[in-house]
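The data below hold one chain only, encoded as structure tokens and taken in the form predicted alone.
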């Protein structure tokens, strides 16, 4: 049976790689990535799993920082794109992060899961696998679109006029309804040129409680939670300075457990 999530990413792989453009979108570069880097800390010499690596730009980034990186993604097409780009200290595998049975227990010092958990139906299984493959005292850093202001789910900006300088519409206010209704939403991404991706993407809206409870019930201790703001003073991010776009969580696997 064909995995529908896999099919979406296979169909959208080239458009996604072109959108990321080996460095991430402006939101990645100026809001999310600095926060992820701070929470991951020094990765030099560490074994890092990039779970849901996409086209691999963060895998390559942390390999350049000295980490020994394994990138895993469900899309064979995206892994082929990863392998086609220059990199060192990197291994890539096609695999589902909800079942990492090709990875031994207690292998990695750190797991990075960047903007992936909101695209999968199996949150509990993925968190359990991250716990299993981490060494004792290993860390998990994951990011999601902030579930309380999730425009891929029950939220939406009410827009004003387009700013002639930033080319973005000004936000009047953000509206949310049915926040507790945890379900799938389909969203069509746009390329940098404004064209639609070949297929809609599935997003699984979950409450903040569901995410945090899932982390704790998997055995982790949460050490840090961040709602990152833009790190640049740019009117392009007018909306993102008013409400958080992302949520980033760092959790640790305790050192005193044997599993």
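In this text the structure is predicted, and so the values were computed from the model without any measurement. Positions refer to the first chain, counted from 1.
Not pictured, yet referred to below: the form predicted in complex with a small molecule.
- Residue 78 is the only one of 110, 90, 78, 127 with a heavy atom lying within 4.5 Å of the small molecule in the predicted bound form.
- A heavy atom within 4.5 Å of the small molecule in the predicted bound form is found for one listed residue only; from 133, 74, 144, 141, this is 74.
- Proximity to the small molecule in the predicted bound form, taken as heavy atoms within 4.5 Å, picks out 117-125 from the listed stretches 147-155, 133-141, 117-125, 178-186.
- In the predicted bound form, no heavy atom of residue 69 sits within 4.5 Å of the small molecule.
- The small molecule is not drawn, but in the predicted bound form it has no heavy atom within 4.5 Å of residue 197.
- Put simply, residue 103 is far from the small molecule in the predicted bound form: not one heavy atom of it is within 4.5 Å.
- Using a 4.5 angstroms limit between non-hydrogen atoms, residue 9 touches the small molecule in the predicted bound form.
- The three residues 53, 58 and 96 all sit with a heavy atom within 4.5 Å of the small molecule in the predicted bound form.
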